[in-house]
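What follows is a single chain, given as C-alpha cells, in the form predicted on its own.
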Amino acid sequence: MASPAGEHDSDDGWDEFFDKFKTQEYKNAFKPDTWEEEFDKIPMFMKTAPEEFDPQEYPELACLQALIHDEDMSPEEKAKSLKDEGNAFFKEKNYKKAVLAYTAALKVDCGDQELATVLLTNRAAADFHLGNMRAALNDAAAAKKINPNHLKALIRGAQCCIELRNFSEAIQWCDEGLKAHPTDKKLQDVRLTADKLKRAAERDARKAKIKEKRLQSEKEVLLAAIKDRGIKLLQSAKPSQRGSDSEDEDGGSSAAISELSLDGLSSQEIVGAQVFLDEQGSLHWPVLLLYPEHQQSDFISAFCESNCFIDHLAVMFGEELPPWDVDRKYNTQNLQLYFEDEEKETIYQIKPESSLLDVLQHKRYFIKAGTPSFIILVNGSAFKKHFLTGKKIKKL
C-alpha cells in the first residue's frame, strides 16, 4: 500500500513539491513482461475478485474491502480516505494508481461538493502528468463547474489547453481565474505563456500562408512556361495501344496527357529533383540517361533546355570513362541517343547536337513523371542491333 498522505494534501500542498519531482524518473510503471498480471490486480479492472488473497500482494483491494466492510465509516470518510490514498500515490509519482484512487473516491458520491472539486482537480493533475490532456481538461472543467473560482482547477485547465495547443481557450481560462485571483503569480505566468504561444502560432500560420501563396504563384509561372513551349506531360494513366501508322501524328497522343498540372511534374519521388525556371526564364529539367546494355544510368539534376546533349556527353565520357565500360566503347564518337514512343512502338534517334528543348518540343515526346529520359547505345554494337530489332526507327 502506498505510504500515508502525510502533512501535504494534494489540493492544498502539492505545488511546492511539483518542481522537486519533475526530473525524477517514473519508477512505478507496469513491467513490460507482466503488465497484464499487474493490471488484473487493480480492483477496478479485475475480472473476478479473489475470495482469499494476500493483502501484501493486493494492497488496493485490501484497502477497498476494508472500507466497504467498515460499517462505522461514513461515505465522506471513505471518500477522504481514498483521496488520501490517491495523494500518497501521486507523491510517489504513481499517477496511474492515483487516478484509480481518486476515481474510486468520486464513485462514493458522498455529496460533499468541495471534496468532489478537490478530487476532480487532483485526478486532472494525475492525468496531466500521464499525458492524458483531454481527460485532465474534462476534470478541470467539471471542477470549475462546481466552483468557478477554484484556483487549481483554473490553472490546470489552462495548462491542459496549452498542451492541446488551444491557446485562445487557455487565455480564456486564465482571464476567468484572474478575475477572482488578480494577483496570483501562477495564473499570470500561465497566461503570459499562452499569449506568447498564441502569437507565435499566428505568426507561423501567416508565414505558412505567405509561403504557400508564393509557391503557388511560382508553380503557375512554371506551368505557364511549359505550356508556352508546347511541352507535353504524361499522366500516370496507361496509354492505349495503337499500332497504326496512319494515325495523325500532329493530332497528339491518345495517351492521357495532363492538363499541365503538378501531377505531371511529380519527379521528386523518383529522382529527388523537379523542373525549375531560372531568373533568365530558362527551364532546367532533371534528366535520366539510360544505358540498357549495362543496365546503368546517369542522372543530370538540372539540364538546361538550351544545352545540347553533346555538351553533357563530352563531360561524362571524356578522359575518365565509367568503370562499367570495361571495353571502352562509350566515347562521344560512338554514342547514339534515342527516345522511345511506347504508344507507337517507335524509336526516335536524336542528334547529339540537338538541344534538350528541341527534343522536348517534338510532337511525339511525352515527359513521364516530370523526368525526361533518353536511351544511349553504342553505334555498331551487337546489343544495339538486338535492342532495336522489331522496332520502327525514325530520325529527328
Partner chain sequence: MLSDSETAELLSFLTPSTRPDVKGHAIEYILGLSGNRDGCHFLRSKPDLIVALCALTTDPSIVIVKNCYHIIINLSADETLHNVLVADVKVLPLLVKNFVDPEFPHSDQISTILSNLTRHKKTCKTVFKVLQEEEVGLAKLVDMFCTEGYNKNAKLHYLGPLLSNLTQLPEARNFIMDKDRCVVQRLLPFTQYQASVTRRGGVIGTLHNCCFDHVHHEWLLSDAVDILPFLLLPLAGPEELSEEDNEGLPVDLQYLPEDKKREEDPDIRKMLLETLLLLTATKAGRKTLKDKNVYPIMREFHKWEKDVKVSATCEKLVQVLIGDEPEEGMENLMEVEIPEDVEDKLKEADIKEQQELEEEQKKQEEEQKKKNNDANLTDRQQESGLTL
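The shown structure was predicted, so the numbers you read here are calculated from the model rather than taken from an experiment. Positions refer to the first chain, counted from 1.
Unshown form predicted in complex with its partner chain; subsequent notes refer to it.
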Quick one: from Gly131, Pro323, Gly281, Pro182, grab the residue that has a heavy atom within 4.5 Å of its partner chain in the predicted complex. Pro182
Scan Lys97, Lys232, Arg191, Lys152 and let me know which has any heavy atom within 4.5 Å of its partner chain in the predicted complex. Arg191
Just to confirm, Ile210 within 4.5 Å of its partner chain in the predicted complex by heavy atoms? yes
State yes or no: in the predicted complex, is some non-hydrogen atom of Leu178 no more than 4.5 angstroms from a non-hydrogen atom of its partner chain? yes
Even though its partner chain is not shown here, does Lys196 get within 4.5 Å of it in the predicted complex, heavy atoms only? yes
Does any part of Arg206 reach within 4.5 Å of its partner chain in the predicted complex? Heavy atoms only, please. yes
If contact means a heavy atom within 4.5 Å, which one of 155-163, 196-204, 85-93, 285-293 is the stretch that engages its partner chain in the predicted complex? 196-204
Residues from 334-370 in contact with its partner chain (non-hydrogen atom within 4.5 Å) in the predicted complex: none
